[in-house]
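Encoded as structure tokens, the following chain is the form predicted on its own, with no partner shown.
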Amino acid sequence: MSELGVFEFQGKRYEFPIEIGTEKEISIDIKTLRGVTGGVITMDPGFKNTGSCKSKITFLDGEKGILRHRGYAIEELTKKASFLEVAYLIIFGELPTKKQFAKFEGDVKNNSLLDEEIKDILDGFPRSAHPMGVVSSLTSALTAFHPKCIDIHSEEKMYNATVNILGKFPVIAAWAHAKNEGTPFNYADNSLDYIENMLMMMYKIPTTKYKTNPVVKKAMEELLILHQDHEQNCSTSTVRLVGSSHASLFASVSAGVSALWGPLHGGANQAVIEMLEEIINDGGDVDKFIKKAKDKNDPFRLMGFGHRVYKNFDPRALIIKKSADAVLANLGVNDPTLKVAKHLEEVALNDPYFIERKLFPNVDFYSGIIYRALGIPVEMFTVMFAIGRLPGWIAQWREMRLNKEPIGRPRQLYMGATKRAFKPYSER
């Protein structure tokens, strides 16, 4: 912090400290700007240039295609660790020892039982209810079953809240899925690991014995690890903002689910499948739609290609592409939608237009393919995303509370009417 950022306004000079992160990122600390200047604020719609916090959880470099959690490369984590191991790392800062992990996994399993009254709430939803709305509502409802405020000075209470929501969230997701499908609600099985349990609760039906497909499990584990955290995106920032009011973990995560529900955030993989279906319904001519995508005057856009953060390539896509190929080969799915997807992928990886603009398939493209191959309804795609993102939301909420960050309160630039006299109703 030896250097200073200088701001000159109306003949006066103001200096603000410059802070450099551990990965050499640079920020200007302007938290005193409004006070020392007598009311001047910065204007940054979408907060694209605004740092809202200091975090030790995730480092992301979109230009170089780098994603690391607590210093570990995402490529290593997906190959060498389980979903819950990475969750422990993200939440608590270090990879767990064998003893720590055994306790953590056991505690998550022991918190997977939902109160039976949750079913009464679920019964109140129509079968047509979108599962994301159901998941958000039921997650918020957990606050009523666990009403005590979490003492952030108590590691035990913070830990208990963490394993509680990690245990219950996949059950809520599976029950939301069952509600839409009209199938029985499954309970967790403590003899299964986290990913096996999630798959079992979604797919098991009473008339048959469920058996985990190892190829599917591996793909799902990798995919959910890839989604665990992604810096200060819309839903994560929402969790921190809601949590800054000292709202509970359940309420904060519920808000994160709602933010993720938006099509510009968590709905991207759903948009991929809808685009593929549009191509099929039009006759299946992929080349026609490639031409449309290249035409600046055509409103059609290829979904699942390029990324607003990764300007070169999405490192998560390079990992999950192999799993997508393995799932398709293992299941032998004969789906015209997936054939169109593979054709699009081939074109994007070889066409100079896409290569020059770095419009490569991203993680949403491949996750959509995997979910489609597994027969997961499009409406459940974002719910699967939420299951993966849950550890990141918990970690961000925990870090924010432990850092004693102030309540979020953005400013605004007022552009409305100036002071005017009120006219009584009789004179209007």
Ligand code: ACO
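Here the rigid core means the biggest group of C-alpha atoms that line up within 1.5 Å when the two forms are laid on top of each other. Note that residue numbering follows the sequence shown and begins at 1. Since we're looking at a predicted model, the values are computed, not measured.
Just so it is clear, the following notes concern the form predicted together with the named molecule, a form of the same protein that is not shown.
Every member of the trio Arg301, Gly306 and Arg357 reaches the named molecule in the predicted bound form with some non-hydrogen atom inside 4.5 Å. Here the chain stands by itself, but in the predicted bound form one stretch of 203 to 211, 330 to 338, 177 to 185, 347 to 355, 347 to 355, has heavy atoms within 4.5 Å of the named molecule. Proximity of Asn362 to the named molecule in the predicted bound form falls within the 4.5 Å heavy atom cutoff.
Using a 4.5 Å cutoff between non-hydrogen atoms, Pro147 does not count as a contact of the named molecule in the predicted bound form. Among heavy atoms of Lys342, none comes within 4.5 Å of the named molecule in the predicted bound form.
The closest heavy atom approach of Gly124 to the named molecule in the predicted bound form falls outside 4.5 Å. For the options Ala268, Leu89, Leu249, Leu241, the one in contact with the named molecule in the predicted bound form, meaning a heavy atom within 4.5 Å, is Ala268.
Of the residues given (Lys64, Lys48, Lys31, Lys54), Lys48 alone sits with a heavy atom within 4.5 Å of the named molecule in the predicted bound form.
Of all the residues from 248 to 265, those having a non-hydrogen atom no more than 4.5 Å from the named molecule in the predicted bound form are Pro263, Leu264, His265. Comparing the forms between the shown form and the other one on their rigid core, the Cα displacement of Phe92 stays under 2 Å.
Leu264 is not among the residues whose C-alpha shifts by 2 Å or more between the shown form and the other one once the rigid core is aligned; its shift stays under 2 Å.
With the core held fixed, the Cα of Leu344 is displaced between the shown form and the other one by 2 Å or more. Relative to this conformation, an increase of 3 Å or more in the Cα-Cα distance between Ile355 and Leu328 is found in the predicted bound form. Compared with the form shown, the Asp351-Leu328 C-alpha separation increases in the predicted bound form, the change being 3 Å or greater.
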